[in-house]
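Below you'll find only one chain, the form predicted alone, shown as structure tokens.
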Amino acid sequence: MSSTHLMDYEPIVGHQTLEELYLLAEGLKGKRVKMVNSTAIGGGVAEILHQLVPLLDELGIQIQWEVIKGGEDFFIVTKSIHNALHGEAAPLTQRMKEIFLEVSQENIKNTDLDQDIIVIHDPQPIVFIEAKDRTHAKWVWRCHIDVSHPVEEAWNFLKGYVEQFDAALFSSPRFSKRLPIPQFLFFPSIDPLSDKNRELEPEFIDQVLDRFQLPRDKPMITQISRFDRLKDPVGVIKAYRMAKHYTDCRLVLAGGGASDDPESELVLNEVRTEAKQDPDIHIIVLPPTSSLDINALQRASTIILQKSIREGFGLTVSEALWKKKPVIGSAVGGIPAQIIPNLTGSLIYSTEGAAYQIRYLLSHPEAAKKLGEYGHEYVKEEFLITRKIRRYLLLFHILFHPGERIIPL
């Protein structure tokens, strides 16, 4: 868990922002909140909860974080559901549904649900809502992925569960579906004081580059993501090769897997095959505890890529912008919420577009610098963790006082 305290953020966000959080929390002291997700390490949701939970606790909310359990067969099913919700053709057989429901019921039996609010993150623990009538809690479904164009069979399987919640939270208005329950916009956030985002000494950055055998003799293009086909690492290699015909550069693909993603090793092998032992392509497999290494790699990079085919929100974009780096991102998922074209970054729609933007930014360093500077200010305004805490506090007030007028401070 994070060891930072709210007052540590004052030099970044100002005293007034923190004072507002304390005022909003005053009427929620003692309320019991439980966050439920599928993994404690790896992936954006776990990272967000590691930061969010202790800060909400500091505000006087009795908050717990529960991670569901399951074997390999269960997480194969949940990965297939995840891919199908993103619109990929993915199997969802009757037996797979049975495995999903059986493991979910076992998790429900072993979880304390005597809470005031229960927040279920993503599809993996969604069946928990079947216990709603046994509790007095308000139930919230936090969807971190884009379900706007799912495979219908997968959505129809989950929709009956979603509709039982008291509210649903989406990362973008474009992500949501027509539902009979209230929906709220919840941007994900980064923690500027975490190991992944805090300032680093230049000597430490050099040590990380030396450890990964990364020379600084040419511009470095970097994508940091799980090895997942939806992040299109093979497409990144193709874009790099197109750009390299015109401007010499090196490519870094760094990332790992998550405990609930059984496909990552297969994708990693595909990436290694595509790289074809190019000495300027560096494939770095990182364990989940590599936040400082990721921070150093981003700060050492000339350009950051996020060339996703589908995306939940893509917080690597905000992480890079916070470090004042120019970012090239696909116009999918939540990336357009973070990149205002030609102001806070470059949006792309194809591999060829990615290659062109790499060439342009490498040959126009002043334009690249401006994108990073404007991006940093935009992240400060919209995507820091203090903003997310404020949204959660307002949501809790709304759930406890339905129908009453609530005026944000």
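Each residue number is its position in the shown sequence, starting from 1. Computed from a prediction, not measured in an experiment: that's the story for all the values here.
FYI, the form predicted together with a small molecule isn't displayed, but the following is about it.
Please identify, from 126 to 134, 109 to 117, 219 to 227, 176 to 184, the stretch that has a heavy atom within 4.5 Å of the small molecule in the predicted bound form.
It is 219 to 227 that comes within 4.5 Å of the partner.
Is there a non-hydrogen atom of residue 196 within 4.5 angstroms of a non-hydrogen atom of the small molecule in the predicted bound form?
Output for residue 196 is yes: heavy atoms within 4.5 Å of the small molecule.
Does residue 231 reach the small molecule in the predicted bound form, with heavy atoms at most 4.5 Å apart?
Output for residue 231 is yes: heavy atoms within 4.5 Å of the small molecule.
Residue 311 within 4.5 Å of the small molecule in the predicted bound form, heavy atoms
Residue 311 belongs to the contact set for the small molecule.
I'd like to check something about residue 315: if you look in the predicted bound form, is any of its heavy atoms closer than or equal to 4.5 Å to a heavy atom of the small molecule?
Yes, residue 315 is a contact residue.
If the cut-off is 4.5 angstroms on heavy atoms, which of these, 150, 334, 192, 255, is the one near the small molecule in the predicted bound form?
It is 255 that has a heavy atom within 4.5 Å of the partner.
Exactly one of 205, 99, 286, 249 has a non-hydrogen atom within 4.5 Å of the small molecule in the predicted bound form; which residue is it?
Looking at the other structure, the residue within range turns out to be 286.
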